[in-house]
Each structure stands twice: as structure tokens, then as C-alpha cells.
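Heads up, the chain below is alone and in the form predicted on its own; it's given as C-alpha cells.
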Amino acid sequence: MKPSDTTALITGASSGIGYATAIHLAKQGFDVIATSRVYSRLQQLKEETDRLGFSITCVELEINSDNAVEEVMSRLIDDHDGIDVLVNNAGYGLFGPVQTISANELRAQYETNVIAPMKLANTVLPRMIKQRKGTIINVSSVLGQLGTPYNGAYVSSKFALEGMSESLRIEVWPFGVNVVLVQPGLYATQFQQNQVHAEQLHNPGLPLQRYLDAYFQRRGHSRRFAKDPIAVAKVIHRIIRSKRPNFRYPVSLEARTGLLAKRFLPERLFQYLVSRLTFPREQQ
């Protein structure tokens, strides 16, 4: 299928990986539908693609609303004669030690990072299965296979997304539909700026406060190593073009290194190395 005959819908396209992917696929000639929970956030994307001379469809889509997903996706599928590629990129991180996270905060994390991708996949699958072709790409994270401190809610949501994706991949394989995971490492997105802090994170009685202070300091330094998300967009393009894509695509050296270390190092040694990267030496 030619790119011009392929419709790709991308959630969370207002910034970061979604933004880069929308522009890259539009440049390659795909019929791109870029969505965001707030339409005004897509203005910069629309202006940039207009400047480059590419056509793109920008749509407001509240992925956490069952009614909005059903109504908007039904209309888009009819208008574009189906969705050939779904890129589930929208998501956010809930930050805080597990002991600070409330049940309601965890539910909200799962609503966006796990339930919304499932809902969107279920809207495009009937036609994909009928046509015996299609690709669903769920943007996970290197943290979809390994846990790090203070990210327990986000990590668990990505673990859940990966487990659901693995089951779905097997279920739709006989119908010619591909389900693929992309696992980015550290890229220049607005993930940290959009991160939600647990309400109890700054509780004065929290015994982990000194460790959190050190963690924030180290995390601030790591931002300068963040890479251009166009690298992830190119991987997504490669997946779409592939007739037999792999299930998981870790993107970046640190993502591949972290996953290999988790797989092959003794458990205690791996935990020690993660703690060394997280906590100052004198506090371990």
C-alpha cells in the first residue's frame, strides 16, 4: 500500500513523539490524523505542516471519554474509509513513591495509559480485521519492562499496556493485523513538564524526602542528554512499512542497554546499579 493510500491516526500529537511522528509521516505522504485532548494545542503542528506544504487533519479527541471516542472515531473512520495505522502515543506519568499514591490517582493513570489505548484499538479493529490488514503501534517505554524508583504508577501502567498488547497481538495475528510496542528511552519531549505529582509527594513526614531531593537534582542534569524524538518517529515509520514487524522496538542506546542489563544481570546486581543511579552514595 502506498503512503498516500494509508491513513495514520496519532494520539498525543501536540508535542514530543506524537508531534514528530505526525510531521514525519506527513512528509512521507501519509494521510495523517493528529489528535489531542485540547484542539488549541495542535495549532503549532498545523502551522508547521502548512508551512512545509503538507496536508494534515487535526482533531480534538478526549481519549478518556467513552462517548467522545465512539463519536469521533466513528466519524473519522467513515470520513477516511478506515484507519490503517493507529499510533497510541497519548499518556502521562504520575510521579511519586508508591506509598504516596492514592487509589484515585492510580485509576486516572490507568485510564489514560491503559484503558484509552484499548478503547481506541477496539474502534479500529473491526475494519482492520475485515480488510485483513492494519497496524496498531502502542508507544510504551523502556519502563514497560523495568521498574525505577518513584515511577511505580507509570511503570505499572506501561507493564499493563505491554501485557495487553502481547495478548492482542496473538489474537489478531491470524487476521493480518500487527500489534507493535515502541519503547523509547530519554527523548526531548514534555513528559517531565506534564508529569503529575502525587498529592502526598511533599508530605513533611515522608521518610524518603532526602532521597527525592537527590533524585530531582540528578534528573535535572539528565535532561541535557535528551535526544530528538524524530528518531522514534523514524522507527514508527519503519514499523508501518514492515510486512513482519517485531513485537518490541526499544529506541535509544540507554533503552537497549537497560533492557539487556535487566535480562542478563543477576537481580541483586541490577537493583544495586539502579540504586546507584538514583541515590547519592552516602545515602545508600
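Quick caveat: nothing in here was measured; it's all calculated off a predicted structure. Numbers follow the displayed sequence, beginning with 1.
The same protein also has a form predicted in complex with a small molecule, omitted here; what follows describes it.
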- Item | Among 67 to 75, 134 to 142, 99 to 107, 208 to 216, the region lying within 4.5 Å of the small molecule in the predicted complex by heavy atom distance | 134 to 142
- Item | Position in contact with the small molecule when the complex is considered in the predicted complex, options Ser165, Ser156, Asn89, Asn178, heavy atoms within 4.5 Å | Asn89
- One residue of Arg37, Arg248, Lys27, His237 in contact with the small molecule, assessed in the predicted complex (non-hydrogen atom, 4.5 angstroms): Arg37
- Thinking of Val114, Gly152 and His197 as one candidate spot, does the small molecule come within 4.5 Å of a heavy atom in every one of them in the predicted complex? no
- Message: Whether Ser275 contacts the small molecule in the predicted complex should be assessed with a 4.5 Å heavy atom distance threshold; does it?
- Response: no
- Flag Ala160 as yes or no: does it have a non-hydrogen atom within 4.5 angstroms of any non-hydrogen atom of the small molecule in the predicted complex? no
- Query: Might Lys46 be said to contact the small molecule in the predicted complex, defining contact as any heavy atom within 4.5 Å?
  - Reply: no
- Decide whether Leu186 counts as a contact residue for the small molecule in the predicted complex under a heavy atom distance cut-off of 4.5 Å. yes
